[in-house]
Each structure stands twice: as C-alpha cells, then as structure tokens.
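Let's start with one chain on its own, the form predicted on its own, as structure tokens.
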C-alpha cells in the first residue's frame, strides 16, 4: 500500500528525516513511535504530500507520488489528520461534514448517507446540530476523524490523534480505528504512548534522529529474544519450597516469590516446548500446580530491552 525509498527531508543544515525506507502492507495498522524531534511528523507530512521531500521516492498503491505535482489520483486515496486537527468552530457538526464532503465531490444522496455513516462511526449521532465550539476536546477529535474518512480513503495518516485525551476517550478512539481497519483502510498512526499502540497495531516503526531504526510486525517483536520470558507459577503448598525447586531447574535464570505470597515468578530462557517440559517435570515431581502462566512483555518493556529510548 505504501513504500518509500531513501526518503529524506533537510531544513537548512538540519536533516529531519534521513534515508527512510518504509513498507506498509494493505490493511495494516502501522504504529510510528519515537521521541520529540525524531522526525515522525515530517515523515507523515511528506507521505501526505503536505511537505516536499529533499530526496527519495514515495509510492502509494504502486503509483509514485511525484514532487511538485498535484497528484490528484493519488491524493484522493490518502487522508491526513495532523495533530492540531483544525476545525471551524462557528459551524455545526453536519454543516462541517457537508462542507468537506463536497470538497471531495460527494453529492446527494450519497453525501447525506455518508455523513450518517461517519457520525455513527465516531458516536456523534446525537451532536448533528451542535455547534463545534460547544464540543469537548474528545468530541472534536472524533469529528476530525469523521471528516478525514468521509471520502473513503484507502490510506489514513494520523499524527498523534489521541494527544490530550482522557483514558476513556482514548479507548473510544482506539475502537474506532479498529473499525476503520475492518473496512479495509490501511492506517499509519504516530503516538508517544506505547500502550495506545500495542492494543491494535499490526506493525511498529521506531524513529530516532530522523532514521527508521526498527520496522517490524508487532508479533515478531514479541517473539524476539525469549531470554526474558516470564512465567507465573503457583502450587498447593509453600511458595518458598516451590521456589527452592525451581531455582535448581535448567533455563530458570531468576526466581522470586511475588508479593501475593503464593505465586512464584521466574525468568525462563527456554522455548515454549521447554516451558511445557518444565511444567511436566513439576507435575511428575509431585507438585500440584494451580497456575502456570507465561507473561507477555509489554511493548514498552520490549523497547527498553532492545535498547531504544523510552517514548512517553
């Protein structure tokens, strides 16, 4: 769906984006993370044709985005929501969506049907006639998203869309993004908050100092470096006795009793098969196991383990 080759942007003596080679498959939700100044926004603006690259190439659905050209056929497939989500406070919700729908050449009766669909998508049906200035921040961001997808783009570029939202609003926004993916839209979303991405992203890219230093499917990141796999184990009897036994087991590198007092947490350096063998050995050794739960590391823990800067 989207690919870049050697994409670079330089402002005077500062290189904001440096030789980025990016590939995003159709139907993916691609999370782009990195600290302030990493180049995320500049990269997204170039992908949206809002910023001209200094060097490199951009392809959308196999078509090259030509520099200094209008590219109308490609731009109709793209939609871009910047972090400042501009709105017209003096309009009401329906008039705002009607205006942008007409800019994308939507006409009646399709326009009215599409307005109803996007209002339902972002749960603003009961705010149709409300003036935008009266909406909460979360509602305004959801309205901006509705405006962004009203013309049914195939590629959606979101720059820090959940910035400033409370936890409930962030959850609602994430659910909307998941729904958009089911409709076949490919999504690139940037965020500083890793927990907002690991719930729904299929792939992750990390930017540092203008470079794309990591680009991988999320599941592949989870499976990389299994030396830190954690397993929570509980059994009938004293946790201290279980701890003593586990400390003698091969591939158990760390073993400690959790604050609950009846669970033991181990760091296990083996594969899933070797973890199954460990469970078998405990049972055949007479332990009545009541819990054996591998714990998947969070996205933040994985990045810290891989040595990248913490993004928060």
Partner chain sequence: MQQPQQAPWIDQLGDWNPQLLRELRGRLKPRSVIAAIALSAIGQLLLFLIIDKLPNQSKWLNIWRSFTYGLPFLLLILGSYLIVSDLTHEENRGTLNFIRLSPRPAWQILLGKILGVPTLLYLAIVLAIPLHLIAAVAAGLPSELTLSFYLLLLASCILCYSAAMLYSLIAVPKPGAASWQFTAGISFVAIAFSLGFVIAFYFWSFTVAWRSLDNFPEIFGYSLADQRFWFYLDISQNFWLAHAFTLINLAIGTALIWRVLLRYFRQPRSSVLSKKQASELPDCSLSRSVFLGLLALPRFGRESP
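Predicted, not measured: the structure shown is a model, and the values here were computed from it. Positions refer to the first chain, counted from 1.
The same protein also has a form predicted in complex with the partner chain, omitted here; what follows describes it.
In the model of the complex, which of the stretches 192-200, 206-214, 100-108, 133-141 has residues with heavy atoms within 4.5 Å of the partner chain?
Careful reading of the contacts points to 100-108.
Tell me, yes or no, whether residue 155 is in contact with the partner chain in the model of the complex, where a contact means a heavy atom of each within 4.5 Å.
Answer no; every heavy atom of residue 155 is more than 4.5 Å from the partner chain in the model of the complex.
Are any of the heavy atoms in residue 80 no more than 4.5 Å from a heavy atom of the partner chain in the model of the complex?
Judged by the heavy-atom cut-off of 4.5 Å, residue 80 is in contact with the partner chain in the model of the complex.
Within a 4.5 Å heavy atom cut-off, is residue 123 in contact with the partner chain in the model of the complex?
Residue 123 lies outside the contact set for the partner chain.
So, residue 169 and the partner chain: in the model of the complex, are they within 4.5 Å at any heavy atom pair?
It does not: once the partner chain is placed as it appears in the model of the complex, residue 169 has no heavy atom within 4.5 Å of it.
Between the options 239, 165, 87, 218, which residue brings a heavy atom to within 4.5 Å of the partner chain in the model of the complex?
After the contact test, the surviving option is 87.
Since exactly one of 245, 265, 48, 252 fits, which has a heavy atom within 4.5 Å of the partner chain in the model of the complex?
After the contact test, the surviving option is 48.
Any residue of 126-158 with a heavy atom within 4.5 Å of the partner chain in the model of the complex counts; write them all down in order.
Heavy-atom contacts within 4.5 Å come from 128, 129, 131, 147.
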